[in-house]
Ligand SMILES: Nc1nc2c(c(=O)[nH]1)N[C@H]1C(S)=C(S)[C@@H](COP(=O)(O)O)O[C@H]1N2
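Encoded as structure tokens, the following chain is the form predicted on its own, with no partner shown.
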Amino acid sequence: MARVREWLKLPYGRKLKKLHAWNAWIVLLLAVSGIVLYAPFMRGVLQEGRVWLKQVHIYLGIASIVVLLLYVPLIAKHLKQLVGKRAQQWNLGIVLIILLGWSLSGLVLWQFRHLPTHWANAALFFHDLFTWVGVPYAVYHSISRSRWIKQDEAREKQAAARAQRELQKRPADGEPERPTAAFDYDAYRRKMTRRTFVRLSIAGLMAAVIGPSFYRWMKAASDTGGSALDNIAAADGNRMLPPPTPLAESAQVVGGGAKGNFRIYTVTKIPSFSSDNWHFDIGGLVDQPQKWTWEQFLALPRKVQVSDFHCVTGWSVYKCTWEGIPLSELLKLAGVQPKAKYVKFYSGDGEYTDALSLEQAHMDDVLVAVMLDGKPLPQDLGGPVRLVVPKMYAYKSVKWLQAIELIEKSHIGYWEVRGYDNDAWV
């Protein structure tokens, strides 16, 4: 606040320079923190640090909005200064659109728990889109407006002024009359100067480096279901034989096919499994501990349900047709002892765990799934078997589920230990 009070006392020109500097630093920090948060492989590296970094990212976003609000009273005067400077007008417009897009989509993502899930999905798409466009543009703008580029521009203007003066000199006695045509400064600027070459080179290099990744992201983001799942399934590293035979409703994909895109997150290297050594266990406070091989597990009665899948980072996939065994039926087979109060879940990655209360575990739609949209669950989506808890955020839906333990005391799961809410209700 002290800095803002000092800023308010400054003359207009210095106010504008200060805002530009603040905005540059904030955008840089937002870009770095946002890219780190976005990168899937960083989730396991950061662990609890990810929760703190997310809070820092939010505070930086709020600071960016404050800078925008401080700029509002200066807009009219700034626009008057830019009359006739088309390049600078375009630059200002692009920067304001990017900052407003980041701010509005960021606010929705910050408060997404209080808003419809479709809003969060749309906000996440636009937040990513503005990042794909905004970060390269900020890099280009920073380099193209750097001091050494400006020095080149100053030298060009000085050379142009010298040429203009030479043309306007009166000829000495006995010299032929010089042409009186005015110096064509626009024609001079149209020549390929070093500054122009550098700018074009930067733009070309960034397009070559970022373009293919941006194209792949746009292609994935525009696929609302179908081919994305097919691609994930085609790259599946699991070797589970025989594959599960879908029930009629699952084969017909009664939900119409998952709508949206799964983002592949993991805190460890994605494991792969083979039916030769895979097994599923239930133990702890039960009357009859259970252990099934893959074929035995597939022989258990399954059901089909259509439900949505929500991630705590803001994205959702709708109308998923899941097929699997109700968790309550597995617990019934094992016989839960009176002392048991919680159900603990173990991932086959050897690292991830989470838990539900016994009451939550008995909800009708909590499923131990083996199929999605009539196809076996691939490893990238938590297959061959994963937990599905539709009414809670997906960090409760343990991937690569291989063991269940009935316990008396509560268990704090992997992400809850690292700062996530134990209350994961959507």
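Residues carry their position along the shown sequence, with the first being 1. None of these values were measured; they are calculated from a predicted model.
Omitted from view is the form predicted together with the ligand, to which the following refers.
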Among 206-214, 96-104, 341-349, 233-241, the region lying within 4.5 Å of the ligand in the predicted complex by heavy atom distance = 341-349
ask   = Of 318, 278, 130, 262, which one comes within 4.5 Å of the ligand in the predicted complex, counting heavy atoms only?
value = 262
ask   = From the list 331, 355, 267, 135, which entry has a heavy atom within 4.5 Å of the ligand in the predicted complex?
value = 267
query = Quick one: does residue 33 come within 4.5 Å of the ligand in the predicted complex, counting heavy atoms only?
reply = no
query = Is the gap between residue 311 and the ligand in the predicted complex 4.5 Å or less for some heavy atom pair?
reply = yes
key: Touches the ligand in the predicted complex: residue 22 (any heavy atom, 4.5 Å)   = no
ask   = Would residue 388 count as a contact of the ligand in the predicted complex, using a 4.5 angstroms cut-off between non-hydrogen atoms?
value = no
4.5 Å heavy atom contact with the ligand in the predicted complex for all of 110, 111 and 124 = no
message = Within 4.5 Å of the ligand in the predicted complex, counting any non-hydrogen atom, which residues from 111-139 show up?
response = none
